[in-house]
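Okay, so we've got the same protein chain twice, two forms, each given alone as structure tokens, structure 1 and structure 2.
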Structure 1
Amino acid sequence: MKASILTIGDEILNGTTIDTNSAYIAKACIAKGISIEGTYSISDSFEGIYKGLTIASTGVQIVFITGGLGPTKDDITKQAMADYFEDEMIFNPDVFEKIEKYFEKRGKKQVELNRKLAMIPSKASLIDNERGTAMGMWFNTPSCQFISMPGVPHEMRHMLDMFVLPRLIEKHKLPKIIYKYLMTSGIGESSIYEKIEDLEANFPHDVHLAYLPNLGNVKLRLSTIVNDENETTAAKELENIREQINMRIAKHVFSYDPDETLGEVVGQILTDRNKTISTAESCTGGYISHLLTSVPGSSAYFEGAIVAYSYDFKENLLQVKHETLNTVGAVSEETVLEMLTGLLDRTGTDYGIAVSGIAGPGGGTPDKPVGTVWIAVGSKDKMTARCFQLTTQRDYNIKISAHIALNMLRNFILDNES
């Protein structure tokens, strides 16, 4: 099945809005076996809409239309669609009632405007909008279906997922796709690929693996097409494959839930064990503390951080020895271990993280180039430290170090449970 996407709206054409709707619709369609032949953006005018509908419907069975249904532009789009389909506008009492209720709730009484909003092309089958007032419209011609949705992304996405795709799946018996995820941290795409290359080569041909990298994390997404008969078996197969991948990179997999952050996972581990944490940060500059405190309720386990940028701070607040800083330097195993010891002594938290490195772009030496980062994690009784060689990009080094450190702590706690 072939489709195209038509975006109506001047805000795309003057560059003030980047069109994210098309990519969302395209991804959802591909997942259901519908290919996108073209995407088109045209202006909010009779001429533009007429031209757009003509171009977009050539050679496809579905045209997804977004935008042009806002309150000020409402009349023209609906009227232009009515003209295109040689239709007329009629008053729809159900829509009127819905809109009246919507505005009454918000203390607005505007009968005339609401009557206007309730004028709909007679041939359109309506699509409910649970997130706003502009209804979707579905027109069928012998060769093509036209599906008109609002342009506001969260309204459009909800309408597409809840009403449009289910109706298309039902009508055309489209395939269904299921997904399983692995959220990884502290390992790059290519390293993951090397570790699971042989597994991937032997996947059943209908199982697909996507690598979705984000700063400091890589999301792995397994997918396969199913039908009503084989859905349970296929889901089990996917879970099996996920376990096989997990065995190869277990230290890096922090969740199977694609919406969970590493900060949340560490927070949950601490909450479950009724433990507390604090951080001692040099090059990460408070970013680990930020990741931990971005989680609602983190005050239950996070006590605080000491960001020790200067030697003074490291010595006075974290009891790092003057001699250590002067002999092996601030970016060293000795220093991060002393930072961690000093932190735990002072704060009394169960666990701690200490980081010291050269974020760049300046400050590197032949021995310790920009991107050298030492990280220590642990408790009073046991600590572990590691050195990483990252990039020359300051912002990237700060953020990836913070993720690596949180993942090291996660593994430390899980590995050292009695």
Structure 2
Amino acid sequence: MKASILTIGDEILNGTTIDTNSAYIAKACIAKGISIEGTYSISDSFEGIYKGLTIASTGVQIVFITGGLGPTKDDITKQAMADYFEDEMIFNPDVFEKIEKYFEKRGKKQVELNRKLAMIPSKASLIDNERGTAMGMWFNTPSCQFISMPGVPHEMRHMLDMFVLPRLIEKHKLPKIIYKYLMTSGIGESSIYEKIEDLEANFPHDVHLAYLPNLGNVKLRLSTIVNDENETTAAKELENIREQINMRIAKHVFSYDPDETLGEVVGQILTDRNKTISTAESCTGGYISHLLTSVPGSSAYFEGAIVAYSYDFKENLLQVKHETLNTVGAVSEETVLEMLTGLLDRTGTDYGIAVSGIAGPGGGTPDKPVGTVWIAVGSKDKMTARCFQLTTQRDYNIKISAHIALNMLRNFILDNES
């Protein structure tokens, strides 16, 4: 079954609000066997909504619509859809009573403007909103279903998960899709493809592999459509394929869980070994420690960070030699190794990470251009350092350096304490 997504709102078009609804709908639909053929964003205008509904419904059986269901002047989705389907708006007393109870429960007085929320196109089938006052609407035509939901993310997500998708599954007997994942780091999608090209060429025709790159990571998603009779066999086949892929790129696979982060994986490795970690950060400005401390319970293994940006801080806080900084500079193998040594001496943690680089956009030289980053990981007994040539984009360089550093530490611990 094919679908499209239509988001309504000037705030999305002008960049004031980021459209997270489309991503959530797409992910939820794909998991249920509904393919998304396109996503569209349109303005809060009758002309824009008419045009959007026509374009979004071409060649699909479902159009998911978000936004414009509130009581204010710019919320015109209901009226626009009523006009589009040659319908009329009617007052729904049941909806109005629900709205009154909603506000009474919260100690608020119902205002006349909210009567607009109870005006509903007569042909629409209502979708309950347990998180707010704007009801969803379901329009059926011979060729397409139009499902209109609130633009408020937490309201839309609850409505989609609890009412919309269950109704679609029951109505259309959607196929069941099973997935297997490999989360990788430290390797690009083209390199992965080169290593597993022959495996992928021999996949069963109903097994599909998607490469989903993100910041510093590539998610590999295996999928196949199953029924009740072959689900167990298909799941075993998918698991076997995943293991074959893992054998080719094992050093880069950090998890089989698509929602698990590198910070969580490193934290679990440290927890399992009852070890601690600290960080010495220059160009990353504390972002590595942010990734580590974003994990609940990280206080069990994360001791702290020293963000030493200047030469003086590197010397005074991390015991980097003055001679080192003035001969080879802050962005060098010697400096990050001395940063790591000083960090471990001062904190007493079992492991450490040290990073120094040129994040950009300025500060580069011919021999050390913007994007040059040195990273060291290890313990007092053993350390390793590597240089990376990244991009000219400051924010990207900071974040990718942090992910690279965590993956370096993960591999270091596994290689030396397996």
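The term rigid core refers to the maximal set of C-alpha atoms that superpose within 1.5 Å between the two forms. All residue numbers here follow the sequence of structure 1, with the first residue given the number 1. Quick caveat: nothing in here was measured; it's all calculated off a predicted structure.
TODO: Only one of these is the form predicted together with a further copy of the same chain, so let me know which.
DONE: Only structure 1 fits here, because that chain is the form predicted together with a further copy of the same chain.
- [ ] For K27, decide whether the Cα shift between structure 1 and structure 2 is 2 Å or greater, given a superposition on the rigid core.
- [x] Superposed on the core, K27 moves its C-alpha 2 Å or more between structure 1 and structure 2.
Task: Core fit, then G285 C-alpha moves 2 Å or more between structure 1 and structure 2 - done: No, because once the rigid core is superposed, the C-alpha of G285 moves less than 2 Å between structure 1 and structure 2.
Task: Two-part rigid motion between structure 1 and structure 2 - turning angle of the smaller part, in ° - done: Comparing the two forms, the smaller part rotates by 27 degrees relative to the larger.
Open item on the list: Rigid core superposed: how many angstrom does the CA of E197 shift between structure 1 and structure 2?
Closed with: It moves 2.5 Å at the C-alpha.
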